Each structure stands twice: as structure tokens, then as C-alpha cells.
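In the block that follows, a single chain appears as C-alpha cells, in the form predicted alone.
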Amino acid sequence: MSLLHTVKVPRLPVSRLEPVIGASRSARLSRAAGQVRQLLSGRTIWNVNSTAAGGGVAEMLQVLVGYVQDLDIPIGWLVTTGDAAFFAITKRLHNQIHGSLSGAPLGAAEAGHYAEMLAANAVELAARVRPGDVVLLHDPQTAGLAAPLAQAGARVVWRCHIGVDWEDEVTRSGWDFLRPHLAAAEAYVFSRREYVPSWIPADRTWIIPPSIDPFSPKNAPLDAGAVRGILVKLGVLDGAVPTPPAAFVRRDGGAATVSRPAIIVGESRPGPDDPVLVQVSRWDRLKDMAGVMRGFADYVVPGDDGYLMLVGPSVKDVSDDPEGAAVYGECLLQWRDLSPAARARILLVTLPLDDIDENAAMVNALQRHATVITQKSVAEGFGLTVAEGMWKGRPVIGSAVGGIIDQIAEGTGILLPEPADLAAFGSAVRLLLGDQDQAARMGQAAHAHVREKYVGDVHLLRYAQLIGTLIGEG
């Protein structure tokens, strides 16, 4: 039985970006692709991560790999295998790098198991990768593959999607665990300069923020009827007649409909015209779903209208996040302890992940229906749900942490200086739910900001520069 799984991604036509980004940006991308093709000279770019679904990395790879294929650049995507103990270790690493110590510090036993699991994957991976191929390893789950791949002649890049703006004993412990595995990488990619550990050479560091695809099922235009149809199918609206079809377009261009309901915990539902605050994220303590719930219950419910939807994926389908079920359970217990008035206005919504495109369309509809979107994380690698919400013309209330700071420009939303200040969070929610004209103005500015800074052509150009430099030096 193979430990590596190939993810097949449909080719995405780059030409469809031109109406969004303009002819000049489109031509620049085409020229860069031609230069990369010439430099690669038949060699392949490989992406390696630990899951094909259920997180921002997997979603971005679906898009970037699809566009790169259309640019006639050889590219592949492989997913590694790990057991429950391995993913428990990497989750603890994830938390440590975000400054949160969960459990005892990782020791020799954990280091041994981590290395053993990745060594088994490396044997298969080295058999597929040819000397000179470029391998992009994503996040802590793959760091242990750098040395064996470099020994096999690959040009290894480690791409880290997580981090915090500070360094302390907890973050140093996480980086100390990974550091021996990363020495063999030739280049390192981070989402923000502030995330780069001091021991990584500056001349081998690249800063490449992530991006959205305006045409993916999560971001593609949906008319009001399709939004209503999807929300009715999910079961999150009260009093809506299920006449519109829950239609969306798949990544491969095929027509489809949302056929599965959500699992919803909630004693009532908003009507079609009620204001709604939405947070979409994994069930992860660092996303602070519990804080969002408490802030809304204590500071919005008593004096204002509106509903809160906390939306996350089915916890059984996110293979590399063993804490998801526990966090969802904690949120459920907290919801049960709320006042009757708060329980009537707060919904916990779990979306199925069996069909990735269908799940993305569900998120799309929920964000487009939202009056306001929030991402009140206590730590965040980048938080692409912020840009996704802004793309739909919605203002975002976000914590001033990590990449959220970069995305919410002045006039496009509200940054919360202190994520734990629930009164300030509640005040921001009341302001925007109560003044929908201001929310709409912010939303329009948010959409324009994302089009300028966070559409996929910018992302691909930065990778083209990295690969050109890497191979040019070889």
C-alpha cells in the first residue's frame, strides 16, 4: 500500500483572470511562465503536504496547481501519510509555533516518531522525484522530508504557512524541534517577514502571501437566487421558500447543485432579511470560536438584533487536525450553557467535506449572505478567510494578529487591537450590523483591495521569481 497519494487537479484556464486583473498583469504572468518553462527544461515542480482537503493550504494548492498546469509547466501534488500519533505531534508543533503550549514539551520519543514516519514517506517520494526537480514542502508535517529529498538531488523549498510576530520560549521550542530537519532546504517561504526565525538566512528567505481564486467554487459569483437556494438546502434560514435551485459551478466548469444539509445546533434560524455575523474556520482553539460566541452573547444579544453563525468543517473529515473534534465539543458545551436568548441567536454550523467543491459553494453562499464577517483569531498564519470575505464585498472584523493585519486596510473593515477584548468586539459588531450603509461602503472598498493585492496572478509571479532564482543559481 502506497503512503503517498496523488491529488488530481483540473486544469484552470489562466485566461479567465484577465477580466479581473487586466491585460497588463495578465501579460506579465504569461511572460514569467515562459521564463520558468525554459529554466525547468522538462523538470517537474512537486507540492507535498499532509492533506488534500480541509484547510487553506489544500484549497490554495487546488487553485495554483490548476493554473500552473494551464501555463504548460510540469507540476504535481502529493499527499503524505501519517498515523494518529504523528498528527498529534504536528498539531502540537503547530500550536507551539503559534505560541501556545498544548501538553508537555515534545521530547526524544516524539522526535523519533516524527522522523520515522517521514522516513517511510521519503522512500516513496525519492523514487518519484528526479534530480533537479523542484519540491515545495508545506508546513511542519513535511519538514522531515527535506534532507532525503536533497540527497536525492531535488531542489528543496520549505513553505511555512504559520507563525507569529514574536519569539518566546514556547515558539523557540517548536522551531528547535524543526530546525535540524530544515537545514537541507535551499529556500524558505513565509507569509510574513515577521514569521521568519532568526536562524534562517535572509538571502534564502522569500515572503509570499497567499491568494484567492475569484473563480473557485468558494469565490465565484453567485446570484441571489443561488445563494438563497444553497442556504435553504443547508437549513440555516427560517421561512425561506425552497424554490431557487442550489446551483454552483465546479472547478472543472461542470454544473452542480448543493444536495447535502449542514449539521446545525441552534434553537431558531434567522429570517432571509435578518442581519447575520459569520465566522468560517476550522474548529481550532486559535480561531477563538468560543470567544466569538461569548462576545456575541454578552455584548450583542442583550441590546441589538442579528444572528451569529459559527461555521466549520465536519471534524471527521480533517485528517491532520486531531483537536478539531475536541474544540467543536467544547463549543457545543459552551452553547448549551448560554442564556435562552443567546441560544436563539447563535448557530453552530458544521459543513460536510465529502465533496470539496460543494463544501466551497456552501461557504461562498454563507459569506455572501452575511452582513458582516469576522475572524477573531488569537493567532493566525494568514487567515485567507478574511480576503475571501472581503472579495464578496463584506466588511471584516478581525483580530490585529498575523496576516489579518495585512489584509484589513483602513476603510475595509475593523481591526481589533486586543483579541481578548470581547467588549470591543461586541461594539464593532453592533456598529456594522446596525449601520448597513457603512458596512456596504466598507465592503466595496474591501473587494477592490483584494483585487489589487490578493488575486492569484500576484502569488504565481512571486513563485516564478523564486524558482527562477533557485534554478538560475544551480
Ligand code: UDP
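Just so it is clear, the model here is predicted, and its values are computed rather than measured. Throughout, we count residues from 1 along the sequence that is shown.
The same protein also exists as the form predicted in complex with uridine-5'-diphosphate; that form is not shown, yet it is the one meant from here on.
Residue contact check: residue 399 to uridine-5'-diphosphate in the model of the complex, 4.5 Å heavy atom: Although uridine-5'-diphosphate is absent here, residue 399 would stay clear of it in the model of the complex, with no heavy atoms inside 4.5 Å.
Contact flag, residue 313 vs uridine-5'-diphosphate in the model of the complex, heavy atom cut 4.5 Å: Looking in the model of the complex, residue contacts with uridine-5'-diphosphate include residue 313, since a heavy atom lies within 4.5 Å.
Proximity of residue 280 to uridine-5'-diphosphate in the model of the complex, heavy atoms at 4.5 Å: Residue 280: contacts uridine-5'-diphosphate in the model of the complex.
Close approach of residue 143 to uridine-5'-diphosphate in the model of the complex, 4.5 Å, heavy atom: No, no contact at 4.5 Å.
Options 130 to 138, 378 to 386, 112 to 120, 185 to 193; stretch whose heavy atom lies within 4.5 Å of uridine-5'-diphosphate in the model of the complex: Flagged stretch: 378 to 386.
In the model of the complex, the residue from 55, 426, 419, 66 that sits within 4.5 Å of uridine-5'-diphosphate by heavy atoms: Contact with uridine-5'-diphosphate in the model of the complex is made by 55 alone.
Listed residue that, although uridine-5'-diphosphate is not shown, lies within 4.5 Å of it in the model of the complex (heavy atoms), from 75, 351, 293, 226: Only one listed residue qualifies here, and that residue is 351.
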